[in-house]
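Quick heads-up: it's one chain on its own, the form predicted on its own, in structure tokens.
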């Protein structure tokens, strides 16, 4: 098991790293920017960013080993730039240092309609897909990229959707038509050509076999296309085709009000429920300076941990089913229904409650919630013990998963793996412990880890996490604070009804707040949570309006699926199905 540094807060405004960078590269090359999330943020030019990123990853003491995220901002319509360097587009690299327990945001200012940055795939293999997304969504070129093509959109798409001049609604576009000749051209564009992916058709004295797994295949858990190069049953190489679930979640976040976007977040990791609301509302709260009351914090944590169990039960049941066991999935989905009954009793909905609010939650806990939660806490632990005997200790399950799809801690960090994927390698890293958010510092629980980073250990970590979630929920039950369930901050809550009925100014404020929503002060904030599948974060940019200027959703499944070629080469086709099940991804979480 790998030792990790003790939990500590990140240094305020980059104390240490920014002066270090300015000494090395000069004050002209490194321009700091204060942000509301207090993540150290610097600006630099495209001609210097490669050297700066290399220094941060390889040479600086306590390096920034993970490329956590990579995205861009179309600045052309933005008014509140807060003395930032001029740019038409801004490329944003988000780095993570485990040794420092600190993030760093590196921003590159680009002028004109068609700027470019150098590729960093030589530093981080995880950059491959992020850079393709940069081109796909913004039209920003990446010099030296091995295959700069669209990734979330089909190859025939016109334009770059996250530019501000691209339509946000179908009503802003012409009627969709597909004449026969265009359909034929589109089908031709989707033809798999091995050479496009660096694959060869022939070996020394034989032809390789190429096989499509998906996009319609039960083993892919949704619309994922895996294109395999096979030598008999052995996987020589593979490529993934994603984007079938893409529906413009980030674009929608920039057209909805701060409040009305909350239900959209539920549909990203559609098994995670309110866990998706969590980072979004906390990012808005960071921008607006809102502190939720203590009761709201504990309610949020209880619901989030309940959804962690719900999601993990789906993982557990479908994983065992992928490997040939038929009974466990029915048992575990029955258990999931019991948990969803609690969610429904509290929120009024089941899979997609959209129940968290800016400043708290939608309503207080109903009468009798304690009985429902207490009964579930007594019901599930014996069931988990039974599943250990049926699944984890099953010799066929072990043979299909142990040593399969294995990777090390260093490889996980290089590829941006987080959550159970990272912890299965032995690294004890969980944001609820390392950077407690939303009140998690008040709870007692352990961080399960594995040893080998294989498919079996990924299952073990998931299962032990359910037990730890039960511990957290029990503490919520026994120590639920009294008080308000939502902040009374005017940006979070409309004026009280009695005041609105008394004077016209308060009535107008109430009308504007409920119809348009609050105008959040200008600024930038990114908040991450330890979601069901790994680190999930929302990077929000406000221009002082009633909707976000930029919404960036960093999901854990996107980098996890990108690892697939590395962890499957040399294995067999049946191993691929086991590995896919062990990754615990959701394709809407990949595609957004």
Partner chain sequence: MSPTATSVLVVVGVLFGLFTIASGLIWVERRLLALWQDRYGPNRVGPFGLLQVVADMIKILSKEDWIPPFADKPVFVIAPAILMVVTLLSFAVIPFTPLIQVVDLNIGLLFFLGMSSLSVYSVALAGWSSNNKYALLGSMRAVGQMLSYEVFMGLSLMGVVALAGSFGLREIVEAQKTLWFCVPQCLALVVFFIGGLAETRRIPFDLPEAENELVAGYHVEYSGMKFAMFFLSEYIGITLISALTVTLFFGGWLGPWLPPLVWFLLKTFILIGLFILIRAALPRPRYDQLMSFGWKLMLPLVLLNLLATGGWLLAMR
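Computed from a prediction, not measured in an experiment: that's the story for all the values here. Numbering follows the first chain given and starts at 1.
Unshown form predicted together with the partner chain; subsequent notes refer to it.
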Problem - Joint contact, 211, 321 and 383 to the partner chain in the model of the complex, by non-hydrogen atom at 4.5 Å - result: yes
Problem - Contact label in the model of the complex: residue 400 to the partner chain, heavy atom within 4.5 Å - result: yes
Handout entry: 4.5 Å heavy atom contact, residue 206 to the partner chain in the model of the complex
Key = no
Practice task
Spell out, yes or no, whether the shortest heavy atom distance between residue 242 and the partner chain in the model of the complex is within 4.5 Å.
Solution key: no
Exercise for the section: Flag residue 396 as yes or no: does it have a non-hydrogen atom within 4.5 angstroms of any non-hydrogen atom of the partner chain in the model of the complex? Expected result: yes
Practice task
Go through 329-337, 123-131, 418-426, 244-252 and give me the stretch that gets within 4.5 Å of the partner chain in the model of the complex, heavy atoms only.
Solution key: 329-337
Problem - Contact residue in the model of the complex, chosen from 96, 142, 282, 404 - any heavy atom within 4.5 Å of the partner chain - result: 404
Completion exercise
Only hit among 363, 119, 325, 409 for heavy atom within 4.5 Å of the partner chain in the model of the complex is 325
Problem - Residues within stretch 557-589 having a non-hydrogen atom within 4.5 Å of the partner chain in the model of the complex - result: 572, 573, 574, 575, 577
